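Let's start with one chain on its own, the form predicted on its own, as structure tokens.
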Amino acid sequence: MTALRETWIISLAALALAFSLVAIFFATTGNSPWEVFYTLYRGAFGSWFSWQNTLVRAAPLMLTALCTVLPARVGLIVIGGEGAVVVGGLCSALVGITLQDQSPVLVITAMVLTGAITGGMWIAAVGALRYFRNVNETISSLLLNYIAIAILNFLVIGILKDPATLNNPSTHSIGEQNMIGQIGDTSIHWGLAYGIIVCVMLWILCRRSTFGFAADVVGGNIRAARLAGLPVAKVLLWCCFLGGAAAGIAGVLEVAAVHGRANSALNAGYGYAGILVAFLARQNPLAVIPYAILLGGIQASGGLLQRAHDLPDATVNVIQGIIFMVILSSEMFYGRFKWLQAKN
């Protein structure tokens, strides 16, 4: 309970400081910070329409955040969620196109499994490079993002291109019948349920299983884990695989719930935004859910900020960047306040 209290207090204080800096940024643009914040709120949570836009964006953020959360539990800083999204989405689209005449249940199941496996293997490769060749996982995962994007662009512009997609080169469609539908009469697709379920399942795995305990030991002291006889390589690679699998499913959702095909829209930045969500959640899969909704709301309000206050398109990126820098800086304060360490 003490660690949880410390996490929430420092995280909320960091967010308060970050939004104070954002207010200063708004003021330098000649706008009233209070008016811009109110517009931000309206665009994110001010109406049911806004909530729908926010939740649609939150779904992939939940899954891409896990791509950083799971490896972080074994001490790895992986920022390759964008690459896992791209390869997961691309490979699942190929499976969907190949099987599109089959039962929709079979097609969607095959796409989800394909996206999870390819995304998982993509990030597991990062863990393998780190463990067996001592290659820095942050650098290798970042470079793999660019490789994945290059492969996507090469294929959708080349041999996989649908001739009917002139202005936006894409693969052929997976078929309308194989799309993941919306929840009721809303614009929120069932991918939101996928994201929440995966977060809850991985939280149970991390906090209520021997595997989760082993991962914490490996992340805390890898030498002690080896002396205790833990299968360090297996634990490390499985954490990377599960994180990558979650991001791969995010790519599947972009194909099967939004676009219906693979194209450059898979490279939408969800993998990078997921890194911020992961740091806000401090490697807690359950805490990923509210923070993903917060970041999804900020992204959903971008268009309204442009129209109402004549702010540039990059405003959302500036807000996310400020929050990210403050959250990173707040790491130095953990364990420094005795009153937060006091026993209940």
Partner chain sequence: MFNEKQLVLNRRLFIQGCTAAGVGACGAMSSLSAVAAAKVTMGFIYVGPRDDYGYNQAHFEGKSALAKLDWAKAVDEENVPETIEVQKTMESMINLDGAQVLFPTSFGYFDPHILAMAKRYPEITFLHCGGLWDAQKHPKNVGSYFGYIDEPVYVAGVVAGHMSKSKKLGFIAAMPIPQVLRNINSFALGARSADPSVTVTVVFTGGWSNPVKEAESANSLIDQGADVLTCHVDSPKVVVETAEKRGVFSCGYHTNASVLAPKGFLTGAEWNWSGVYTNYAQLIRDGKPIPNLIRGGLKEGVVKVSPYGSAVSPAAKEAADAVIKQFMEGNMVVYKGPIKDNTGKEVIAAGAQHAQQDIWLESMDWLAEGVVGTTK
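Residue numbers count along the first chain shown, from 1. Only the largest set of C-alpha atoms that superpose within 1.5 Å between the two forms is called the rigid core. Remember, it's a predicted structure, so these values are computed and weren't measured experimentally.
Absent from the display: the form predicted in complex with the partner chain. The rest refers to it.
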*Name the stretch: of 209 to 217, 244 to 252, 107 to 115, 160 to 168, exactly one has residues whose heavy atoms fall within 4.5 Å of the partner chain in the model of the complex.*
160 to 168
_At 4.5 Å between heavy atoms, is L304 in contact with the partner chain in the model of the complex?_
yes
*Is L40 one of the residues lying within 4.5 Å of the partner chain in the model of the complex, judged by heavy atom distances?*
no
*Does any heavy atom of I197 come within 4.5 Å of a heavy atom of the partner chain in the model of the complex?*
no
_Please determine whether V56 contacts the partner chain in the model of the complex, using a 4.5 Å cut-off between heavy atoms._
yes
*Heavy atom within 4.5 Å of the partner chain in the model of the complex: which of L205, V95, M121, A268 fits that? Just give me the one.*
A268
*For N284, is the CA shift between this form and the one not shown at least 2 Å following rigid-core superposition?*
no
_Please determine whether the C-alpha atom of V56 is displaced by 2 Å or more between this form and the one not shown following superposition on the rigid core._
no
